[in-house]
Ligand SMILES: C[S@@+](CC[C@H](N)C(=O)[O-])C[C@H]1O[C@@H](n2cnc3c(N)ncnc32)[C@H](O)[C@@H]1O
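Given as structure tokens, the chain that follows is alone and in the form predicted on its own.
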Amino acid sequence: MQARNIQSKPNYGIDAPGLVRFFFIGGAVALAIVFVTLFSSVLEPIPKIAVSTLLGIAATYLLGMGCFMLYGSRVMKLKDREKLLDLVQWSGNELVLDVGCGRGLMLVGAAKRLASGRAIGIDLWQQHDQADNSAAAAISNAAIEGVATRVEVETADMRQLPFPDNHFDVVVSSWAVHNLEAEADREKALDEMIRVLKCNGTIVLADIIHQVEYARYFQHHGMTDVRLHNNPSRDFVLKAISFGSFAPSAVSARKSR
């Protein structure tokens, strides 16, 4: 009975686990130094207050970012998934590709909207992108959510998709393409998404950076109905606290030819 309860909810992992670990460890160290400094007899009162204040600010920021990233992994990305999938006009019989599927967040979400369709996820299963990233984890989550028969996963590079031209009705991707550091590599991935998409098919590409770059690329390569879906107020706050490195939003586009 207990084992059944443990497996009753899907686990879509912690994003950027190394960074989350850094924030918590760094915050804990800074906080410890604050206490050591406050009770130290070495520093004079004014330097002691100044050092403690600066380290306190650093500890608050680091621990706060760690908590925020955990919240994003456990709560926010589940809510954002449904908003992203709502951008597609589903009939239920689509063939869907999730590029960089990880533990299956978008893959499973898409499969839940299918009746006779099928969702395929590809990934290289890198551990620094997501904690315990594996094909087995994606399949397990699909089973827990009741869509295992409509899901399959493959090991593949988004820059060289192992599928024929004009094959998928929908291509989705979430927080994956930015892991390709070189712009040329990101363009290869976008080219592949366009190539395997059917005419009148839809791409929904979510990421934490480079969204404007993606939108421009789609426009320059014949995609239509290219739209940027963002939340300006949320973007402003997230860019401010992450020094411009984190502002999740999405681009949608349609292949007209």
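None of these values were measured; they are calculated from a predicted model. From 1 onward, residues are counted along the sequence shown.
Note that the form predicted together with the named molecule isn't included here; everything after this is about it.
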With the partner absent here, would F168, G201 and S252 each sit within 4.5 Å of the named molecule in the predicted bound form, counting heavy atoms only? no
Wondering, does G102 line up within 4.5 Å of the named molecule in the predicted bound form on heavy atoms? yes
4.5 Å heavy atom contact, I120 to the named molecule in the predicted bound form: no
Even though the named molecule is not shown here, does R186 get within 4.5 Å of it in the predicted bound form, heavy atoms only? no
Can you tell me whether Q126 touches the named molecule? I mean in the predicted bound form, with a 4.5 angstroms heavy atom cut-off. yes
Listed residue that, although the named molecule is not shown, lies within 4.5 Å of it in the predicted bound form (heavy atoms), from V88, M158, L95, V153: M158
